[in-house]
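What follows is one chain in C-alpha cells, specifically the form predicted alone.
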C-alpha cells in the first residue's frame, strides 16, 4: 500500500489470532496486486490498456468498487472521479523542480476524464476513449482495511485495530474494555496530534494536503485534485471523518476536501462526524452528542 501498516488483534487464542492475521495480511496483498496501477498484471492495468476498445470483463468485487465510485461521483457532484488519475501526468508531486501545468496541458488531460461516460455493469467495464484510465487509489486502501476487519471478525477475533497508512478501522474495543484511542495528526506538525478519537467500533480516515504536495512560487499544491477544474484543492489543510466503515470515512474525507467551503454543508447532509483544519489553520468540527469521544 506504499505506507506503514499496523494490525493489533485480541480476544482469541494465539492460534486463532495468528491464523486470522495471516489471512488478513494476505488479503491486503491480494487487493494491492489486483488493483495497483503500477503492476502490469493488475485488473486496473488491464482495463486501462483496453481504453477506446472493447469492454473488459470484471468480477463481483470489482463491480462493487465501481458501484461505490459511482456513488462518490454523484455525491460529490462530479468532483470525485476515479478517471481523474491521468492528472498525475501534468501534476508531478515527485519532481525536484515542479512546474504548474499550462491551461493547454490541463485542457488536454481534462478531455480524458469523465466517469459519467464510462460504460459499466455488474459484469464488465469499458473506457470509451483511448488515453482514459481508472484509478482505485481513492478507495482501495480503505476497502482493504474494511476487508481486514471482516475477515478477522469471521475468524472469531473479538477485538481489533487495523491501520493502513492512516486509514483506521476498529472493532470490539480494546481487550481491556476501553475504546481504541486514535490520534489525528496536526497537518502542519507531524510530531503533534490535533485531536484524539475514542472509538469502539468504526473507522477514522483523514484526507489532507501534507503527505504529497509541491511548492511552486511559494504556494502549496497538494495531490488532491478537483476532477472538474484539474486544480489541486486549497480550502482545507486536512479533514478527518468518523464513519462505520473505512471506505466511507476515507472517501467522504476526500469529498469534503473537494467541496472546499461547501464542506460543512456536505457533512451536515451526510450526518457524519468530522474534524477539519481550514487553510488559515482554523479548526472546525461537528460531533453528535452520543458519538465517540474527541479530545
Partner chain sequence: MRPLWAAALALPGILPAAAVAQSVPDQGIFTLSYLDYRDWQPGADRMTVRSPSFYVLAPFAEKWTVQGSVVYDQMSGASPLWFNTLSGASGEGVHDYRTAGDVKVTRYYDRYAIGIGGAYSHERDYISRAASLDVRWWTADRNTTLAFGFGGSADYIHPTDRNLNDGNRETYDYLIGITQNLSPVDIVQSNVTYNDGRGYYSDPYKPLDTRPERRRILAWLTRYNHAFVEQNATLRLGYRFLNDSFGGTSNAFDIAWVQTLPQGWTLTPSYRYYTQGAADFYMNPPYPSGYVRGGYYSADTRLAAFGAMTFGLRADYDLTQGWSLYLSADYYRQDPSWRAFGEGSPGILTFSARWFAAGVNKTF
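Residue numbers count along the first chain shown, from 1. The structure displayed is predicted, hence computed values, not measured ones.
Another form exists, predicted in complex with the partner chain; not displayed. Remarks below refer to it.
Within 4.5 Å of the partner chain in the predicted bound form, a heavy atom is found for not a single one of 52, 100 and 261.
Stretch 170-178 is the contacting one of 170-178, 120-128, 105-113, 92-100, since its residues have non-hydrogen atoms within 4.5 Å of the partner chain in the predicted bound form. For the candidate set 235, 43, 227, 65, a heavy atom within 4.5 Å of the partner chain in the predicted bound form is found for exactly one residue, namely 65. The listed set 138, 165, 78, 85 contains one residue whose heavy atoms approach the partner chain in the predicted bound form to within 4.5 Å, identified as 165. The partner chain is not shown here, but in the predicted bound form it comes within 4.5 Å of a heavy atom of residue 23. Taking the partner from elsewhere, residue 158 is found to have a heavy atom lying within 4.5 Å of the partner chain in the predicted bound form. In the predicted bound form, no heavy atom of residue 133 sits within 4.5 Å of the partner chain. Although the partner is absent here, residue 279 lies well away from the partner chain in the predicted bound form, with no heavy atom inside 4.5 Å. Looking at 194-226, the residues that come within 4.5 Å of the partner chain in the predicted bound form, counting any heavy atom, are 194, 195, 196, 197, 198, 199, 200, 201, 204, 205, 206, 207, 208, 210, 211.
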